[in-house]
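Following this are structure 1 and structure 2, which are two forms of one protein chain, each written alone as structure tokens.
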Structure 1
Amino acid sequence: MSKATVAQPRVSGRSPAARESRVRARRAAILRAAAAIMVRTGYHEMSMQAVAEAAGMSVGLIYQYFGNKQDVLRAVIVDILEEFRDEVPAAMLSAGDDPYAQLAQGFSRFCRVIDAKRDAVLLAYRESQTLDGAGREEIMRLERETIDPFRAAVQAGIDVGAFRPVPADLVAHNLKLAAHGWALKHWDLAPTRSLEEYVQEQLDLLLAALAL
């Protein structure tokens, strides 16, 4: 005996709109399930069977929405990084013209988003090497896009004469690593300080380098 016994009822009809919304929902369910499992166990320990169960569908269906397992990993990681890429620059825009305020605002938002997804950040660090060349390229691109506003703000401050001349890209890099650091070294940092304290202390330390 074999083959399908109970097909899950389709969520909605066959119209293009219905189809598109079903595709979105399925993809989201898969990614949500996969992310939850990977955060707990890691990519290699995650079986597609487990993802299917957690997402409430069959294994075969996952392959309708993603080419293969690695493709799922890529989508999970990209999802996270896209949130950074969208949130951080937006926060800086809302901070007005002052480069210092922009940096403070952007860094603060960056840290907050990271704090909310600490596990996912660790996942991205751990598993991004599992991706193929194209996947890694995409990750690097997203990371660059996220922090370029930092670089630009520092450079603007220097040009205006508000900051000491320093390598703007390196300052941006340090802000990024400091934000990532809250997730990477949470075991070391969190026992001694809250997120808010961390943000303030780091802003004080890292932006002191910009003072004339």
Structure 2
Amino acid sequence: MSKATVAQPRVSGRSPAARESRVRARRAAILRAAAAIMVRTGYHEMSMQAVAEAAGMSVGLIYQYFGNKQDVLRAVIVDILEEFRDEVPAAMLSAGDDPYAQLAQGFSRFCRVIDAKRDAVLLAYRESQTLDGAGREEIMRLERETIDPFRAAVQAGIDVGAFRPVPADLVAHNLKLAAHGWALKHWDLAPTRSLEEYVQEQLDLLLAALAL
């Protein structure tokens, strides 16, 4: 899936690998700055000048990457959804064939991505309806792709008799919502438990519902 950009950023005088690394670093800095600002002020109050100042670069440089504010918002949300899509299945694959282990590894990785990008998660809930129709369709598609590995693992566990028969799609959605809860209720959860404790406690609750 291509990112929301309007032009290929120009970074001269470097090797192709170095230019690509510089582009990725600049883009990541823009998205971090924009997410932090939008969480504080909301999308409509955010200015590209404020993003530039927070990212430590010029407004003109930002416009080499993004055409307007909506491009920035879309990229912030798409960025985290694509990270879920790429990293969660890889974590589950590393767990081998045990469906319990697959779900535990996938959920743990999901929560760690969320912990690293809590601002982006909050924005996905708060501002996704601000996007145009194409943007909302992209977000919904990526959301579905995010939980497909959970659904498949639950169904596989049911098929081999490791899990009791339950609606696999609801279990997948519950895993996603529990992971998102770390961002949505971080203010209340973090003072009483670490991320690792939260992950384990949620897994104890969620996986107990699958036990025969």
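Just so you know, these numbers come straight off a predicted model, no measurement behind them. Quick note, the numbers are simply positions in structure 1, starting from 1. C-alpha atoms forming the largest set that superposes within 1.5 Å between two forms make up the rigid core.
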{"property": "Chain form predicted on its own, by structure number", "result": "2"}
{"property": "Core-aligned CA displacement of R144 at least 2 Å between the two structures", "result": "no"}
{"property": "Shift of R193 between the two structures at or above 2 Å (CA, core fit)", "result": "no"}
{"property": "Per-residue C-alpha change between the two structures, E20, threshold 2 Å, rigid core fit", "result": "yes"}
{"property": "Rigid core fit between the two structures: Cα deviation of Q49 in angstrom", "result": "3.4"}
